[in-house]
Each structure stands twice: as structure tokens, then as C-alpha cells.
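Before any questions on how it binds or moves, here is one chain, the form predicted on its own, in C-alpha cells.
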């Protein structure tokens, strides 16, 4: 029988069970990496420490990611998929002020989806030093802004007369600002936050 070449092995279709295993292992690594990045920062967190946190060998991690940068970019891409799915499901019944108030201080804790503020700041800082991460963050921001603009169009069925792109930009800045604020005032008065959001959000989301 003819021996299977390396290229044939690479291009051979992967079974459903194998795909699930690959995805499970990748998620395990990404979750471990997030924990290490938050606790130690990107530069101090090594592939060895990520492997130890994931309870697997460093060699196994390299089967799924070639470098720490690939892990960081995969975390960014995973978060983008999560947020795009959430935005696509938003309708005119959503209470955005209440949702943002509830999530303030809880993102990345397992109580609500999303990255922790500390990790967001780490990624933003790393994007100023690494062009690959900068490109991933720029694509993240651009795609998310487009999705927010499309949501505003759906929400108001074309009734907004001013530029929805500019509203989406300001709304994105507001949400990003709340992320940063969480690192400085994690225990902010939720009543104050809710009142402030209820005053400003209608100006951005309604005609």
C-alpha cells in the first residue's frame, strides 16, 4: 500500500470529533492565556506559564499556536465573534443602559461575557508596540463599528437623519470609556451610572 505523504495528511478532511477536540483545546489555551495576561501582563506571561495554567505541556500548545502573538490575536478574534453575535441579536426592546450598568465591573469574571478591563488595556498597550496586534485591534474596531451602525439603522428603520456612522463611533467611544473607568472606579454608584446612561444613550440611538 502506498504510504500517505505529509501533504496528504495535512489536507485530509478532519472528522467532526477531531474538530471539536481542536476547538476545545484552543479554548482551553485561550482561557489560560487570558488569566496569565491579566495577572502578569503580556510580556511577563510566558508560553510555559500559559501551559502550566492550562495543565498541558508547552509542546502541546505549539501544536495549536506558533507564538504568544498568535494567542493574543486569537483572543481578539474570539471576542469579536462574541460581540458581533450579540449585536446581531439586539432588537428595539433592548434596554442598553441597564445592560451596560449590569455589566459594569463584571466583564471577564464569568458573570457576563466579554474581556476584563485589565486585559483590554493590556491589548491596547501592546497594539502600540506590535504591528500584527495593532492590525488585529484595528480590524476589531472597524468591524464592530460597522455592526453598531447597522444596528442603529435596524433599530430606527432609517429614521435617523444624521450620520449613523458618527453615532456608532461615539457609542463605541462611550463603551470603551466605561471599560477604562472600571479599572479606576470598579465600585461606582450603579444608580449614578444608570441615570447618566439613560440621559445620554437616547441621544445616540434614537431619532
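Residue numbers count along the first chain shown, from 1. The shown structure was predicted, so the numbers you read here are calculated from the model rather than taken from an experiment. By rigid core we mean the largest C-alpha set that fits within 1.5 Å across both forms.
Omitted from view is the form predicted together with a further copy of the same chain, to which the following refers.
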Discussion item. How about residue 184 - does it come within 4.5 Å of a further copy of the same chain in the predicted complex, if we only consider non-hydrogen atoms?
Written reply: yes
Discussion item. Can you work out whether residue 56 and a further copy of the same chain are in contact in the predicted complex, taking contact to mean some heavy atom pair no more than 4.5 Å apart?
Written reply: no
Worksheet item: Are any of the heavy atoms in residue 156 no more than 4.5 Å from a heavy atom of a further copy of the same chain in the predicted complex?
Response: no
Item to complete: State yes or no: in the predicted complex, is some non-hydrogen atom of residue 129 no more than 4.5 angstroms from a non-hydrogen atom of a further copy of the same chain?
Response: yes
Discussion item. Can you pick out, from 67, 163, 31, 150, the residue that has a heavy atom within 4.5 Å of a further copy of the same chain in the predicted complex?
Written reply: 163
Response to the item:
Near a further copy of the same chain in the predicted complex, with a heavy atom at 4.5 Å or closer, the residues from 171-186 are 172, 173, 174, 176, 177, 178, 180, 181, 183, 184, 185
Worksheet entry | Core-aligned C-alpha movement of residue 33 between the shown form and the other one reaching 2 Å | yes
Worksheet item: Once you line up the core, how about residue 148: does its CA shift reach 2 Å between the shown form and the other one?
Response: no
Fill in: Post core alignment: residue 174 C-alpha displaced by 2 Å or more between the shown form and the other one
no
Item to complete: Just say closer or farther for the C-alpha distance from residue 128 to residue 84 in the predicted complex, relative to the shown form; it changes by 3 Å or more.
Response: closer
Worksheet item: Did residue 142 and residue 69 drift closer or farther in the predicted complex, going by a CA distance change of 3 angstroms or more?
Response: farther
